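Only one chain is included here, represented as structure tokens and corresponding to the form predicted alone.
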Amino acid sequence: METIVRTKIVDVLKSKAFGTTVNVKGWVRTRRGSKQIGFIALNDGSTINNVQIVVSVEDFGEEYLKPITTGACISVNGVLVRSEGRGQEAEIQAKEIHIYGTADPATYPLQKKGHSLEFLREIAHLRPRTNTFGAIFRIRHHMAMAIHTFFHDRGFFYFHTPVITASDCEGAGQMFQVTTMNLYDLKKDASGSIDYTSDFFGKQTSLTVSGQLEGELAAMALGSIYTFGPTFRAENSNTPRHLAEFWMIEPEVAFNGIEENMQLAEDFIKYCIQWALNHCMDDIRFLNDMFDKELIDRLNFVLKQDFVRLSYTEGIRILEEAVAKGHAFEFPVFWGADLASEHERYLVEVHFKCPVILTDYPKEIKSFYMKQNDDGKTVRAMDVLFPKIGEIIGGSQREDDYDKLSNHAEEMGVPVKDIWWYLDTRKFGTAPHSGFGLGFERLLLFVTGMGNIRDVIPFPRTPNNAGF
């Protein structure tokens, strides 16, 4: 086979160089035709769209073409010509075909028929080859690029925080432990507790639930930073909105108060949505047509809306009025309640009909590091609530007073001895600062219109599921 530099299919479909010889490589989506002529739909992952390969059966022979079935991987040299079919401008008239790998139709799981998302999770090693997951994972890439570009252009520094930690940022205790000890022969101390002195780090360590605390340290030196990395939560939640391993984006900004923090969150998420519409429209249009007919309208709707700023107390009043008028919620509504997704979505989808940023939550239901308000009851927290999703961003102005922070940590059962280094920043040149966390997969749920968070990450980790 003649050596020709490969052209990606995304570029072939844009090319006007008709009459030239090109090389494309990829996986066969479908093959159809007659005894005289065959048509191969080829895709290489660079685009949702296939390129059509026109094959003369007489030139190649039926026996040679027989293994070229759905799932086979081939290389094609051919002439780029204007397509006579509808829906495509270019196609390739094949001159040479090399078969890299075949896929037996009797055993290859991804045949032309449609497959349920549940079934595709069982073959996660192959699902990126489908149109649906090719689209999702291309969008995932573009969202990562949007995030880095947004922060870089605004003078933020990308800061790498540790995956292994000895502190529990959230104070919830739902963490995966990291150890090199023999689990069948654990050493105990005199009190019966596990003795970690002989472990690799000499103390109990876990996979991080957040890079925030270390991110705050960096903000106190570099001014504006963001983290973007994997986080882990050993929460036994088998729901469409929870993963045990997921990715978080966490900016921290020195000298920002809660108002600047809310504006940064709104600007950030709108930027990401606009990037998706600018760079991923073919994939978004496909997902709109296949899964969520309102997806494109909803993305544009969010871009055009100013997010409503609303206090938690006012939000509770609105929800209580809804209950009084006969609206039924599964979970009770009262001041001090930790709002459920159904409450958040009512505020967004029914009452205001636009995204909402809820602020000033009761301090008992929020993390120890949030700045306390003068009322002694609430903290400067902020949650960004979105249609279909509920909370998509959570953040706060951070407590910068040493005594208030250390006292509140003790009140909430966070071991102060484990976060002495975090408290130190409040003793040495403390400053007001704020930040938030965006769950990357939550953003992807919104941008793709998918209904289950397991379908926006390549290999989901959930209770009883760590395959692939």
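Owing to the predicted nature of the structure, the values given are computational and were not obtained by experimental measurement. All residue numbers are counted from 1 along the displayed sequence.
Below, we turn to the form predicted together with ligand ATP, even though it does not appear here.
Of the heavy atoms in residue 439, some are within 4.5 Å of ligand ATP in the predicted complex. Taking the partner from elsewhere, residue 241 is found to have a heavy atom lying within 4.5 Å of ligand ATP in the predicted complex. Ligand ATP in the predicted complex comes within 4.5 Å of no heavy atom belonging to residue 345. In the predicted complex, residue 265 stays away from ligand ATP, with no heavy atom inside 4.5 Å. The contact with ligand ATP in the predicted complex, taken as any heavy atom within 4.5 Å, belongs to 391 out of 282, 349, 259, 391. Shown without its partner, this chain lists 246, 156, 159, 312 as candidates; in the predicted complex, only 246 has a non-hydrogen atom within 4.5 angstroms of ligand ATP. Only one segment in the set 143-151, 227-235, 327-335, 103-111 has any non-hydrogen atom within 4.5 angstroms of ligand ATP in the predicted complex, and it is 227-235.
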